[in-house]
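Form predicted alone, single chain, as structure tokens, below.
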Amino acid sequence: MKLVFLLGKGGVGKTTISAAIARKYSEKYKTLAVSLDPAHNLGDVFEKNLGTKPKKIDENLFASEIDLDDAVKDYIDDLQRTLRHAYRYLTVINLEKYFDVLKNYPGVEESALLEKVRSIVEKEDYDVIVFDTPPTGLTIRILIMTKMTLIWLKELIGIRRKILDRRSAIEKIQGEICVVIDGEKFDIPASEENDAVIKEMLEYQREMENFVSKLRNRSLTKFIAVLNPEQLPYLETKRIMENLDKIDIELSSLVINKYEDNEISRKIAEEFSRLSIYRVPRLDETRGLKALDEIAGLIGDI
């Protein structure tokens, strides 16, 4: 499976270019175009009503739009199931109010979208998946979340192992550790082999490491910036590159949409000379498969 992420400032035509790239790949491969942008336009470009479930657009071409509220709900529900499984002895305690707080916790949208992307990559059966991402700020936070998650997991696993070591020491002195809640007895694990919590963390660490390795593998994943030949999109693209460098991800190419030969276009060509640069002129029509075929022809084998 190959992955393509389109990044850029809002309003530069990222969705149109995403759709055109998906259209181009679908000539040879089974391709899914996914909109992660809360202000969805992918359905408008394809002239189809889209939802979370992929809809067939044409031969080998499918598309979907991820609802942010649904993604957050799915993330909280999954987290709740995981915690209830890992901490069985807490099932007698009402945790609903804590999960209600989580819905409004800073970073929950980024975490939810990250998990949605990871789920799509792991579960969907396509040769190519093209992601039309949200405006730069949210997208960068989602990508940075991958690195932060691995850092947090490493620390949490270390803390959990210390807890299990101490439990093991106590168990050797006083025997099996257990708690009784509302008359029900729960054994407290003192080894990694019996501890559902650390098993869950180690499994999630493996999954996240595998996902991050895919993101950093340039033969599998492309990060493409879209911009207009204007000062603000140009400056934002520079920031995109700087932020991606911090998490060991490289831009592979650049699409100058609504291209015109001006000072900013020449500055872009100079600043990003090491990247492949594709130029798409201002077009009268950017909706529908016919228009996307025209754009795909201008982009070529991006």
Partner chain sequence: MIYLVLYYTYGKGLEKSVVRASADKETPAHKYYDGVDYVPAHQAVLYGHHFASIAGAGPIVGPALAMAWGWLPGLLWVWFGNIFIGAVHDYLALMSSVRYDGKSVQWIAGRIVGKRTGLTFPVYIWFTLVLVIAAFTAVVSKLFNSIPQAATASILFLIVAVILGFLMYKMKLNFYVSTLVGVVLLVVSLWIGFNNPVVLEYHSWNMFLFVYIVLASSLPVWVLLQPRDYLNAYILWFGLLTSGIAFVALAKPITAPAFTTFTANVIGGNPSPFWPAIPLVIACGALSGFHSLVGSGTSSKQLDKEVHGLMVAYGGMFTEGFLSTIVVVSIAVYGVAIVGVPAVEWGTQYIKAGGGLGTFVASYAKGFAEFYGYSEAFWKTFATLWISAFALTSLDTAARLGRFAWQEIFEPLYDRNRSLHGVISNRWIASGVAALFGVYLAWGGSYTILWPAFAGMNQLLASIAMITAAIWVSKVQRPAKVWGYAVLIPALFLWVTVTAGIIWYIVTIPIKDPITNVAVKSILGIGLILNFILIAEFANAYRKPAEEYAAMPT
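Numbering follows the first chain given and starts at 1. No experiment lies behind these values; they were computed from the predicted model shown.
Here the subject shifts to the form predicted together with its partner chain, a form of this protein not shown in this document.
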### Query
Hey, in the model of the complex, does residue 193 get a heavy atom within 4.5 angstroms of its partner chain?
no
### Task
State yes or no: in the model of the complex, is some non-hydrogen atom of residue 172 no more than 4.5 angstroms from a non-hydrogen atom of its partner chain?
yes
### Query
residue 232: heavy atom within 4.5 Å of its partner chain in the model of the complex?
no
### Distance check, residue 119 to its partner chain in the model of the complex, heavy atom within 4.5 Å
no
### Query
Where does its partner chain sit in the model of the complex: which of 161 to 169, 224 to 232, 127 to 135, 211 to 219, heavy atoms within 4.5 Å?
161 to 169
